[in-house]
Each structure stands twice: as structure tokens, then as C-alpha cells.
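Presented as C-alpha cells, the chain that follows is alone, the form predicted on its own.
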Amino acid sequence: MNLGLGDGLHSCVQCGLCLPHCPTWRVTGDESFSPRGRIALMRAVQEGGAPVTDDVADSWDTCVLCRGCETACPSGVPFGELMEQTRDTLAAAGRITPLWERAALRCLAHPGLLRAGTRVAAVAQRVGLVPRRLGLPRLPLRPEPMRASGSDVWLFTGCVMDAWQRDVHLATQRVLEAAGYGVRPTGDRAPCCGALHRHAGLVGETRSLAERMVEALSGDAPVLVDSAGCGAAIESYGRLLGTPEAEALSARTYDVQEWLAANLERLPRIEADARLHERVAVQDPCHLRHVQRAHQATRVVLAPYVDELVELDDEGLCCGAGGAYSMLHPDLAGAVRERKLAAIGRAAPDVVASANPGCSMHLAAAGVRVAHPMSLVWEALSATR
């Protein structure tokens, strides 16, 4: 099988410095579950003609795509690109991404269908038919509508997060408005960024969604994103599509904390005794820390509004959520999460701040109290108004 991998495959020198930063290697100790091992298998298949056995396919399919190895790599190996291209080939051959997963992902591009399904799930949740261990937030029966307050910035609302965590979008919009920005939610005009499709190897669907986004969000206004995975996906459109329009959209897309940290003077100040009287631990979503490299902004924006910020001592290791990963590989995802829970336990926070919906739900499913940084900032601001 030709995986279609380019020169990046040869940039890995097999030094192993990535191993401690790989969540699946940390919990298994298995070389085939490490970046170095996965690249060795890519080489064996593409250059040596080795067969793609079930074990080989499983090695690639069980990567969380946290990209922590890229931050640690001294050779600049583009591991995320190599893994995405490999999964594209596997998905096209029917080796990964079963039909039920493909059908579920197609629904994300249809907001009306997603909202209808959410209402059904919300009813089921209220009568006790949805297990709490799934970590779902309280799903809305009638979500509060989002309305534009101006056109200074776009606020990307997306698919699952808009259906399940619209309260986070509303808090984000109110914080931006408190900073003096007119906000235009993207809504149904840009229903899905394609991040989950890209993880699943559905490159054709990802490109279609990206092209739709580029067309819908034309102009010069910055696009602000409060989901780390979505922000990383949009910022990759230039590479994915290779058009000037896509590159321009990628260039004006920012994580909302990143944007506010660069414009901190516009946010209202509050007195020290009006801050949230809580000990807040920051959990860095992998796509904010390792892909966008913008995780420090979360601390900059939170610091004026909470009593105490504390760091986890696990050096930003993945929590195991990985988009749909926790549903597809629950045992591995659970084992990875246990390490994160131990770090949270040592920090002993009142609440964990996480800027990604998948991370927040995965941790909440284990009993952790989680809040989006923008929700915490708005809680502090609204209490002083």
C-alpha cells in the first residue's frame, strides 16, 4: 500500500525524545503505540512493501493526534501531517472509519438535524436515560438564540459545541462585547469546520467543509474561535486547500483567548476582592498547546479575574479526549485520562479551566468540575455589573 507520504517521513531520526510526550506510549509502553514506532511502520509499508495488518492499522488508528510529539521533536517531524495522510489512505481503503461513524459525521454539516437530535437527547437526559458517565453537559431544549451585535469580529460557533454548549458561546460573545467588540456569530452559514472528519481520514469531506467555510467567512474581519480543536482545523486550511483565500482565512483566525490576551487593555478591570474566589487549574487542550501554540494566553486572560491560578504538573500531557477518540477507543482514552486525573488531584483545584469542548466533557465524565475560561471571565464580569 502506498501511503502517499513525502519527505517528512525521512525527517524522523528515531531519537525517542517524543516518547514521554506520547499519551498512548505512556499508558502501554508499546513501541508501536509511540510516534517513533508509528513512523517506523509507515516506512515499512511505504518503502518496504510490508502488509497493513490489523495490528499495523490499529497502531495508526489509536493515535490521539494530540501532536505533543511535535513540540518535543528536535527535528521538526510533521507527525500530524504524516498521520493525517496515512489515515486518509486507510479510510479510502475501508480499513478505518466504519459506516456508522461516517454517517454520524455527515450530520454535523446539517445544523437542523443536529439540533433536532440534541432536543431528543435533552428529553432523554431529563428522564434519566442518558448515563452521567458520558459527561454530557445539560443539553438545551430551547437554546438561547445568538444575535449579532456588530461586525468587528466573527465568532465561530460550529456544530456540536453550538448544539451542546451554546452557553459557552454566549459567555464568549458577552466577554468580547464587554471589551468593546461588535460580534457576529457564524451560525448556520458555517456549520462545521471539519476537524472531526480530518481526524477520521475523510479528507474529501474535510475539503468540502473547508471550502464552504472560506466562502462563508470572506472579508477581513478576524475569526475568533472558543474551541481549540476547531481553531487548529481552521488555521490549517491554507495547507489543506492551498488557495490564497484559504490562506487568508487561516491567517485571520485566532483562539479567542489569544485575541483577548493581545488586547487585554480593552477588557474591564475589576477590584481584587471582586474576583472569583476559586482555585483554578488550567488544562491545556492539545490543539491549543501543540498546534496553535497559544496556550499561555489562557493564563493571561484568566489571571485578572480569579483568586488563584495553578498549573498541572504533567507538562501538558493529553487528557485522552481526542475529538471522537474517547468513544472509539474508550479503554485507551480512559487510561490516558487517569494520568490527567492524578495531576488534577495533586493540584487540588476548585475548578478546571479547559478551552475545548471534547476535553471538558471527557473530564466531566470522570467527575471533574470543568468550565471554559470565557465562562469564568464572564462570571466575574457579570457579578460586578
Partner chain sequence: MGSVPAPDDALVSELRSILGPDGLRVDSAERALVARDASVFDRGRSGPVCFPRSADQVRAVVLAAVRHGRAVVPRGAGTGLAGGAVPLGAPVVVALTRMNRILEVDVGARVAWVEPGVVNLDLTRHLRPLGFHFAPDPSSQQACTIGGNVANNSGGPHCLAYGVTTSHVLAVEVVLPDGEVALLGGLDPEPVGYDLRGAFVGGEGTLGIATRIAVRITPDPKAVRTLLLAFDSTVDAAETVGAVIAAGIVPAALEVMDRRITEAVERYVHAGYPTDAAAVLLAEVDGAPGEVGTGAERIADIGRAHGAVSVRVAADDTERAALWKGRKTAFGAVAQIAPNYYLHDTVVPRHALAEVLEEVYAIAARHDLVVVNVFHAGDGNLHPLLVFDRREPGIMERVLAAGSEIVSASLAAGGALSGEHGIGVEKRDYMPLMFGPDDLDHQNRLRRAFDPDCRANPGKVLPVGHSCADIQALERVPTGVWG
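Numbering follows the first chain given and starts at 1. This one's a predicted model, so the numbers in the text were calculated from it and none came from an experiment.
Although not depicted, the form predicted in complex with its partner chain is the subject of the following passage.
When its partner chain is considered in the model of the complex, only one residue from A347, L328, A50, L341 comes within 4.5 Å through any heavy atom, namely A50. The closest non-hydrogen atom of A366 lies beyond 4.5 Å of its partner chain in the model of the complex. A residue is said to contact a partner when one of its heavy atoms sits within 4.5 Å of a partner heavy atom; S75 meets this definition for its partner chain in the model of the complex.
N263 falls outside the set of residues with a heavy atom inside 4.5 Å of its partner chain in the model of the complex. Contact check for E315: a heavy atom falls within 4.5 Å of its partner chain in the model of the complex. Annotated contacts: V160, E215 and V223 are all free of its partner chain in the model of the complex [non-hydrogen atom within 4.5 angstroms]. Along 30-49, residues D30, E31, S32, F33, R36, G37, A40, L41, A44 each place a heavy atom within 4.5 Å of its partner chain in the model of the complex.
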